[in-house]
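So here's one chain in two forms, each on its own in structure tokens, numbered structure 1 and structure 2.
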Structure 1
């Protein structure tokens, strides 16, 4: 039991306090969900109501059938998947090398990767437009995924390094004694031990791309546009359609929230690890 745990009567007060905090904290998104089920007119009623007078799926139907919306949802998935795979493929060997061989170059590299996280997005994004153009990757999901990987790769290296750190070196040694090459030791012996860590890293890489906005705004226009950009354009393009906007926001957020509830143990591990280590 944690020494800071409280017993007795004050516990009840704390539970009430916690309940109030959670209601306040949960309210914005609950309100978004409730609004998405109102009629478009009710959604902007004055004065506003919390509960829908009439439940309807109208907003969902209109938002999802809008030009560009289904494509944007597909683009978001495609970009996030490519970026996640790329991030893992690059991060796993690098993190393994950093933790297993402890060379000076490894130490320099992991700090350099950490510093990358501090760069303002706009400073990378603007020149990336030119670079993507010269690579012929303008307005493609692959080009955007490359840009997103600049965000997720440093974090992935840090997370994977922490997970590898927890695996004893003796495991690799034993694998080598059994005749594995160094690469085989990583692939067949160490990697299966850190599948949990691999999953955490994948989730974070996926989320980084899924929620990213500025690169998507700069690097895509029509074909590869992702959902956050479409959501941002909603108001100007279609007038003040708060009902449709809340519906699309719900479609975009609810699946990841549900996924998180299932994987919360891993995600908490990743968040605290990522923060405590950098």
Structure 2
């Protein structure tokens, strides 16, 4: 077979697989978005329809005007930002030390971090509630952010370690020759090189907190309740308020989409940095 024809068929197969993957991942969100524009009766129609029979903004108006929704959106942003900052503050020095000192204990530590990532959140839910209650941090954004940090921190350490591994040790040595300490070399030389990696890690940490439901359900009641919990509580006399739930879920997706688009260049740079050594 002609090599050109083989290459053309391979590209065709690749594009077909890409299209199937895009449909599988994209259709649920598209269906959610379309449902948010349906009337309340169309949203619960059986059998369900994909396209709205009548387009309306009623679900958005009722969802955003519901008591507790604006406060929940603010709580979600506050909690996610605090959790992201905590994850980066803890992950950056930990990953830097692991990749630069390369001690056996460092390797054990990073493997232990991966193991903790594998532990189901439900397994630590009850003990965490007791710890937060004893510290007086239940129903607070900071307490919930601490809980979310336990989820995002292991992955943040692994990501930052991979990015630091791609930075040559010679940069640190050159910084030391110029009179920098370890921390100064990290702050002034290494971190500017891995800004893309920081962006990638920050987005993963932000998403881990932004989408988290279980800890938010267990650790909050009124003051610090986040949007995922509020969405789950959308009820009517006929059952779940699918129109309101999908409308608020669509609004809740906007900040993450904007953040990802805003940091697109840094994300691409970070992924490229982590893929190549030296």
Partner chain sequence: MNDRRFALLLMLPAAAFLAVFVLWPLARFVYDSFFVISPFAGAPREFVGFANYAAAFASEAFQNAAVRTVVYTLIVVIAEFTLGLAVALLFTALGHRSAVFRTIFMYPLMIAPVVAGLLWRFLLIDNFGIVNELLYRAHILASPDQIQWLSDPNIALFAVALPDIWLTTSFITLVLFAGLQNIPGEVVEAARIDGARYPRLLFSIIIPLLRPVIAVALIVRGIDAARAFDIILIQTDGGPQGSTTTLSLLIYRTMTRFGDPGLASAMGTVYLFVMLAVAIAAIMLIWRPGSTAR
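Heads up, when I say rigid core I mean the largest set of C-alphas that superpose within 1.5 Å between the two forms. Residue numbers count along the first chain shown, from 1. Not measured: the values here are computed from a predicted model.
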**Study point:** Form selected (criterion: the form predicted alone)
**Key:** 2
Check your understanding: Quick one: once the rigid core is lined up, does residue 211 have its C-alpha move by 2 Å or more between the two structures?
Key -> no
Check your understanding: Superposing on the rigid core, is the CA of residue 43 displaced by 2 Å or more between the two structures?
Key -> yes
Review point. Has the Cα of residue 26 moved 2 Å or more between the two structures, judged after a core fit?
Key: yes
**Study point:** Rigid core superposed, the C-alpha shift at residue 13 between the two structures in Å
**Key:** 8.0
Practice item. Superpose on the rigid core and then read off how far the CA of residue 55 has moved between the two structures, in Å. Key: 3.1
